[in-house]
Each structure stands twice: as C-alpha cells, then as structure tokens.
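Only one chain is given next, in structure tokens, and it is the form predicted alone.
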Amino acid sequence: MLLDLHTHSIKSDDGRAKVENYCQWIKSKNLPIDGFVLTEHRQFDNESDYSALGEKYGLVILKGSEVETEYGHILVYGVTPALQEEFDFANIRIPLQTVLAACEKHGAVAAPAHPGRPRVGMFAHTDELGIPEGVGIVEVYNGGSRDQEDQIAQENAASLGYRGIGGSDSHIVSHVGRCATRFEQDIQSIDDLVAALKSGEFEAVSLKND
C-alpha cells in the first residue's frame, strides 16, 4: 500500500484543502496512493469522522498530528485521549523528549517532519542541541521540500540509522500524493499504521516526477 503520511486540510490554520476535494483529486488524476493521513498543525482533530468519505472513494483516510518542539515539527501517529493529556498540542515549544516519552508510553509513533528544513526541521538544531535520544523514524521525502532539504534528511537519516517515511505536506489539493510511504501490510486503521511503522517494514517514495 502507498499512503501519504503528511497532509493538511482546512482544519489547519494554513490549510486550504477540503478532505473530500483531496479524494476527488486523487481519483480524477489516478494518483497511485491508497490513502492519506491528516496531520493537522498543533492539534488532534477529535471531531471529524472520515470513514464515510473513505468508503465512498475507496481510500484510507486516517488522522495524526503535527506538533512543534525545540527541534522543529514532529509528526505523531496513534494519538489517543490519554496521549492528549500528556502535553498541550497547541504549545509551539513542546520539549521533544516529552513528545517521544508520551508516544512511547501510549504506543504511538513520533517522526520528525521535513528534518532537513531550516528552522522547523530537526537537523537544523542538532549542532546546537545535540542528537536527541529516542528518534527512530524521520521524514526523508517531503512534497514541499526545496533545494537540498530532502538530501540533508536522507544523508543524516542514513548516518544515524533512522528509517524514512514520505509525505506530501500538502496544504492545497493539487499537492497531495507528491511523496508517500510504501507498506507491505494492508493498512485500514491507525492501529494498523502504527504497527506497520513499528515493524520497520516500509519505505519512503517520491512521486513528484511520476
């Protein structure tokens, strides 16, 4: 399965895409992805249920979050009510170790987003703050990356032994599916996704030029 693990809808403050419009675009353009994960900024969307849309369009639509730490932005998969009690998702300076510890405690997965990006990427801060303990997965293909950002992410991930995921980081409909993650397992739920990420049996792929 190919899943885009990093997307934003109008639920995010800078998102301009409605979820159904993502679905329509994916189908109308015959994009090869099987679904996507909505990682809204500084929140977890407890209200929305996209199961009907997913069934209508034959897509897997899951929900995660993108939170902000002193090391930059972090994607979180497997958010539960108990995890939400551990830290304030709206805080723009959550300690990374707080996020990693909370995810470990509650069975979630945390992965630094666009880690090669200046300011909001993890590797922009490692010279000053050091290599954080507990990171195992980072985003190595990001649909919004510029210049050498993905290359920086890939080279650092390789040297540190991190596994890589891919996501479009889409904020508008036409950007969805630019990058994705390929899984051997069938993924239909967030629990399936978390289990697959923990298994290590996945690879990041770029679809930008396909």
Partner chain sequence: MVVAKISDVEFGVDLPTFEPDTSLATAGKFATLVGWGGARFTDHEAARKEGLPGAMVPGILSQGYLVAMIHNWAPDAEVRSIDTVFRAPVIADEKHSISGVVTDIDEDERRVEIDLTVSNEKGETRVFGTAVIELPA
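Because the structure is predicted, anything quoted here is derived from the model rather than measured. Numbering follows the first chain given and starts at 1.
Below, we turn to the form predicted together with the partner chain, even though it does not appear here.
- Comment: the partner chain is not present in this chain, but in the predicted complex one of Ser28, Ser159, Asn46, Ser51 has a heavy atom within 4.5 Å of it, namely Ser28.
- Checked against the partner chain in the predicted complex, the residues Arg163, Lys63, His175, Arg42 give one hit for a heavy atom within 4.5 Å, which is His175.
- Note that among 32-40, 164-172, 150-158, 179-187, the stretch whose heavy atoms approach the partner chain to within 4.5 Å in the predicted complex is 164-172.
- Mapping the unseen interface onto this chain, Lys56 falls outside it, with no heavy atom inside 4.5 Å of the partner chain in the predicted complex.
- Proximity of Lys198 to the partner chain in the predicted complex falls outside the 4.5 Å heavy atom cutoff.
- Residues Asp14, Arg16, Lys18, Asn21, Gln24, Trp25, Ser28, Lys29 are the members of 1-37 with a non-hydrogen atom no more than 4.5 angstroms from the partner chain in the predicted complex.
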